[in-house]
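One chain is shown next in structure tokens, namely the form predicted alone.
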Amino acid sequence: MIIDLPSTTTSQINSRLVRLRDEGGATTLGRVLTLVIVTEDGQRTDAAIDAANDASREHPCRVIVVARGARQAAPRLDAQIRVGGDAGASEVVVLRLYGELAKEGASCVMPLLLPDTPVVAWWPFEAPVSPSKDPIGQLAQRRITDAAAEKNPIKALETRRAHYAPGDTDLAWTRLTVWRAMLAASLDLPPYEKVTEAEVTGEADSPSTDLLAAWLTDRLKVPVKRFKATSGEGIVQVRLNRPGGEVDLHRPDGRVGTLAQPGQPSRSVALQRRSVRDCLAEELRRLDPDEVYAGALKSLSKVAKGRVPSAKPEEAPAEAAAEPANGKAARKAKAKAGS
């Protein structure tokens, strides 16, 4: 059920929620938290609501969406209440704020918070420079951002590092859970040797690749190089070098990876790129500060940036070396046209 309340107030919204609860049963008693989603009006808001609805099946909650509209418009609050099949296992309240009200998101959210339950704030797209100092962020025990969804993911990640506060987290970090588990499990198998150095390869604008390299730096206390991948999506490859041989986890297609290590047969492992819904549901399982994430952020500056090694001159085929200059130019033009 979807109920529209144009030009309304928070008091009227609360009254309507109470009436819906009386008519449909005391469903609010089953809510375990309040999830506040902050977006700009027109930013794929429905996609964020769908992800929250899916995550609410594991964490029943009240979802409050703050969609800030045009600042030049007259002050107005339009609301929409979604319950039942349109809200998953939650109840969704969408607040569209216009004019001066767009700056007062926290004031509009406070009367709608569930009593005696934790508050989690989520910025699915652009996030404030310092989430913990944002008015809505100050209401929350946990603050979730997503560097990968911003215009400059790597710069956004550096901003997270500079303004980190306990309770902050980022979905670029949550996407690493399976990678971290796989790499940690590989070191539990023989030979039990210390890792001497590591290499992480991924897309140039992949914040998860940077965070994975920083996590290895922080936990293993060894030099780690971060390379830019020439193909593949997200994180492409991780190598852990040890005296007896290297652990190599390679995912060229964004779906299935291959794990190779000394004394063990190579095997395929599921490394499907995680959806926002899965990452959000994982983050809602915990409300305490993520100290491992904080350590990875601090180690970002310790990661060395490397270049993919080019072929040595002696490795070049003899026929390529003897190819005329005009033949090379033609071949390059043909490759560029087909890329």
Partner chain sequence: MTTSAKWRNPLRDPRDKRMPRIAGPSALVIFGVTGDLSRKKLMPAIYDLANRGLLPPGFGLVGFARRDWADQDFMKVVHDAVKEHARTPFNEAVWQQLAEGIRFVQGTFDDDEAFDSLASCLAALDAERGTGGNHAFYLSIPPSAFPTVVNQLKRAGLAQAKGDQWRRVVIEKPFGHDLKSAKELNRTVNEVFPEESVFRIDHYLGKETVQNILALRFANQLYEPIWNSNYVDHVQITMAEDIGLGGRAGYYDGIGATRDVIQNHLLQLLALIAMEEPVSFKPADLRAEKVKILSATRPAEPFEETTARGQYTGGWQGGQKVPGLLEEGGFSPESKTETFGAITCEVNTRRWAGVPFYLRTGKRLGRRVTEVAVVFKRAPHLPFDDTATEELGQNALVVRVQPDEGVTIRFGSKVPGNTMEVRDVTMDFGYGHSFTESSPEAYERLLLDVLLGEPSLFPKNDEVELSWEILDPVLEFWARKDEPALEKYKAGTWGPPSADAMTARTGRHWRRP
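Residue numbers count along the first chain shown, from 1. Model, not experiment: these values are computed from the prediction.
Not pictured, yet referred to below: the form predicted in complex with its partner chain.
- A single residue from the set Leu183, Ala156, Val83, Val94 has any heavy atom within 4.5 angstroms of its partner chain in the predicted complex; that residue is Leu183.
- This chain appears without its partner; in the predicted complex, the one residue of Ser132, Thr196, Gln264, Gln141 with a heavy atom within 4.5 Å of its partner chain is Gln264.
- Its partner chain is not shown here, and in the predicted complex it never comes within 4.5 Å of any heavy atom of Ser208.
- Contact check for Thr230: no non-hydrogen atom falls within 4.5 Å of its partner chain in the predicted complex.
- Taking non-hydrogen atoms only, Gly306 never approaches its partner chain to within 4.5 angstroms in the predicted complex.
- For the chain shown alone, Val236 is not a contact residue for its partner chain in the predicted complex, no non-hydrogen atom being within 4.5 angstroms.
- Residues with any non-hydrogen atom within 4.5 angstroms of its partner chain in the predicted complex fall in just one of 110 to 118, 188 to 196, 69 to 77, 96 to 104: 188 to 196.
- Looking at its partner chain in the predicted complex, residues Leu17, Ala48 and Thr145 place no heavy atom within 4.5 Å of it.
- In the predicted complex, the residues of 276 to 306 lying within 4.5 Å of its partner chain by at least one heavy atom are, in order, Glu282, Glu283, Arg286, Asp288, Asp290, Glu291, Val292.
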